[in-house]
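Only one chain comes next, encoded as structure tokens, the form predicted on its own.
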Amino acid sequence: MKKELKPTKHYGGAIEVPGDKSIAHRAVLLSLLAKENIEIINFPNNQDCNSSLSAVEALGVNVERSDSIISLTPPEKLDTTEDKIIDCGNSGTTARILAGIIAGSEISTTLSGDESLSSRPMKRIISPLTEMGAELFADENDTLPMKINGKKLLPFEYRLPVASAQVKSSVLLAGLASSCSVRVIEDVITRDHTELMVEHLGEGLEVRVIKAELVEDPNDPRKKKMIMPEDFKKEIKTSSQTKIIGGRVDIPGDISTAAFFLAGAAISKQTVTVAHLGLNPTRTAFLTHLKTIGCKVVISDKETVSGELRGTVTVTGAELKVKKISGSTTVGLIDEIPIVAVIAAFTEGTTVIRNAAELKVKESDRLQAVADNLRLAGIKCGLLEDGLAIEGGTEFSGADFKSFGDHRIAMAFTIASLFAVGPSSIDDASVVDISCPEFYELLGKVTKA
């Protein structure tokens, strides 16, 4: 569905965004392991999260919808029908986390997905789950479809080779499903929604975050220095006693969705407020980035609900400054890099983004997609081996932008079009349904005169 886009004369206002995708996936998928009902409030009605709902329903979970509440009743025993095929749609989170649960549940199932998901790497979960004793069979490229023969797994210790919350969650939940001990070590701390959800709905999970300690300098007793007592950042452990009981999950607004609307405030030098927004510390790198480049960011009404911090966020744009993005900052911004790149196009100077090679294997090659669209708008953009170099501050021309079948690319360049010189279009606006079907409706609220 091609959508015509025009520059806006007004930008700003107050909105609420749908529930957080990452949290919703986990609340749904944990129903496969729960002893009692799980009730979900503010479930985001997008294609990705509905893929997780359909998956658990196919395995025997009873799903009941009532307004914005979803009730999940776990079966006494998961459906063990032979040759069952579960379609994960476009959702990598569904496929990777579900693979771990199935691997430890002693059932046999095949996971499939759409064309995009079927091109994304699964070796990152196949390797550790195989080491735990599960049997997983994918094609020669280690992509979907993938047959999983679950079984009783072995105790396992795993140091994440890449910073991936999906891989971490897959391994931890495989151990939980099989009632075996698992220890996962992180060198770079990733999203911790799984740990928080298990703690909220269950018991028996151990989490240890390693913090630097002030000690005497052995070379000079008069001085002290900070050291890390371990050579890693975080340790998460399950045991045979770790379990999911059940309960209620109230999902906060998705900060990755809100990022697009807040970016508009940054570019326009206007103000946008988003209420009831998730503020998990592993997800707020975008707010930090906005402050770093010169925006005013105010957070109020903070509270913790269902184990997750939330609050009201108000962003006011200003004269923007260039900021290089790399290392752990890139990890924290990984979902927001497309809109960060758009902001960079409206910022005087050259923005360099590094350590973002992970974006090549998302719903699209996001680095290539961003570069192609920026060039269509007349912005100089260099495609690096693991990132982008964007020369901003020149005229951003309206153009016929391409979504590349990727919801975040479509949303990022829709926001860009609001501040372009001349009209634009996006070739397939319907892809926003993957994460936020309400996107264009919400956009109308901040662009209405």
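Only a predicted model underlies this, so the values are computations on that prediction, with no experimental measurement involved. Note that residue numbering follows the sequence shown and begins at 1.
The protein also exists as the form predicted together with shikimate-3-phosphate (S3P); that form is not presented, and the subsequent description refers to it.
- Stretch 332-340 is the answer when you ask which of 128-136, 332-340, 284-292, 305-313 has residues with heavy atoms within 4.5 Å of shikimate-3-phosphate (S3P) in the predicted complex.
- With a 4.5 Å cutoff on heavy atoms, L196 does not count as touching shikimate-3-phosphate (S3P) in the predicted complex; it lies far away.
- For the chain shown alone, S22 is a contact residue for shikimate-3-phosphate (S3P) in the predicted complex, at least one non-hydrogen atom being within 4.5 angstroms.
- When contacts are judged by a 4.5 Å heavy atom cut-off, E358 counts as touching shikimate-3-phosphate (S3P) in the predicted complex.
- Remark: T143 does not count among the residues lining shikimate-3-phosphate (S3P) in the predicted complex, judged by a heavy atom distance of 4.5 Å or less.
- Just one of V297, A163, I267, L78 comes within 4.5 Å of shikimate-3-phosphate (S3P) in the predicted complex, counting any heavy atom, and that one is A163.
- Interface residue among R183, H276, K362, K243, judged by heavy atoms within 4.5 Å of shikimate-3-phosphate (S3P) in the predicted complex: K362.
- Contacts between 171-194 and shikimate-3-phosphate (S3P), taken as any heavy atom within 4.5 Å in the predicted complex, involve only R191.
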